[in-house]
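Same chain, two versions here, written out as structure tokens and called structure 1 and structure 2.
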Structure 1
């Protein structure tokens, strides 16, 4: 039977099966049928509590803001690296290597580094104080645990940049030079060529990686637990708090929050598929 199933379909089934099991278990847990404090009768109280709780949607909105901001910064920087340093000159190779340098750094280390550098008692505050720009390190604007999530956004953008830069650099090298040459022949300036030819082609190839990094940033727990504020809480942190709640009845809410996170990821993937289909129709 398995021999009759095409290999791509079989591979997709193998990848999707754990996700489907996770979704099913989460749905049963939020209904009180599985997990801690489970009973034989379904109860929608946990699901209703999650969906009507203002904290849920504040956490979701704040996490979306952080993920969008950090991914936008990283994608813009990655595209700039690919566009501004395309040649094999030593200076361009050095710039590209510098952009991809943080790639092997663990996310927890990146978040801890941001805490060490950007906190009000951190390295940046002490340097600014030593230069006489602020009266005391404590006068440093709050970048960590603040509602704006500045430190978290910067840490995620710094960590996402190498991955997107690697993809962007590879795409830039593969863009057909004849298209750029044709635009120049028609009188387009280098800036116009970059804006109307190179960047659209680069963005089209980079878009799937951008979606992946957005979803990852939205669900990042390590960075959020070190850098995010308590109020509003990041959705991954709120999920973990609900899961570790000593009140068993509230633990089921964590599965509801996880399903919301999965829904956001599914919407992002669907947006990618719709956009790709439109691009494909334009090509045809």
Structure 2
């Protein structure tokens, strides 16, 4: 069977080994066969307790919600930047530079800054106080550690925007001017061209990158640890807590959580590859 697999695929498998190994080990650990307190007999108790624990699904759901919201905001903004500022004019170039400048800023810095700005005694609260809108930090609506995850969503969106904007701008530039000219001479107004040609091509091309940023936001530990509430917990934070739990059984549960996270990542990877194969060639 292995003999039929081309050599380069085996190389790729080697690169993926740590993940594949992690999956295998996590599966064994959550069944109690490997890891601390392991026994020779598989035991479904830990698996059962992970799967039936409401906390598990609340955390998974909440992390998905945060990743989805932040990615939706960032993708919309990135698409808007590419569509609204496409030319060589100075103002357009300036707008594009602004959108892409924070590209290499780490998640951690984005999250820390969000904390400085959006916390109840942060800069935003101070500005609102100066404007007479609130009189004490407690009156500031909670954006940090709140169940809505507003600060976390904004921090992740801020971090994702530059990357998605870079891709969207490259795509926008790659949409041949000829295509838009063709649509114009067939009777489409600039708005119609944007709606029927440019945007449909742009979002299809952007989709793989959107999936990639989604899965990065989903897995971002440091942003969640700084900005997410305790309940519902973010999945990466909950996993980390379980790893450090003094109870051995709870540590085993961490592997169950890791498996869920890896499952989400695997689906995203497959979707990334499928959308790239399907739409990647529409825009060069």
Partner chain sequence: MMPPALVPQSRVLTSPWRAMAIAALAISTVLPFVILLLQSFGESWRWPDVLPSGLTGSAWRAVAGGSLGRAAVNSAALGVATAVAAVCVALPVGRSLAQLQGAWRHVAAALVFLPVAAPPIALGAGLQIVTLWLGIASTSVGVWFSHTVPAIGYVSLLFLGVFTSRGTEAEEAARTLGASTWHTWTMVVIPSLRAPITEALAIAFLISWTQVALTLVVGGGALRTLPLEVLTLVRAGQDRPAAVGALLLIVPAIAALAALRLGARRTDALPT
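So that the term is clear: the rigid core is the largest set of C-alpha atoms that superpose within 1.5 Å between two forms. Numbering follows the first chain given and starts at 1. As the structure is a prediction and not an experimental result, all values here were calculated from the model.
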Which one here is the form predicted together with its partner chain?
-> 2
Rigid-core frame, C-alpha of residue 268, shift of 2 angstroms or more between the two structures | yes
With both forms fit on the core, is the shift of the CA atom of residue 11 between the two structures 2 Å or larger?
-> yes
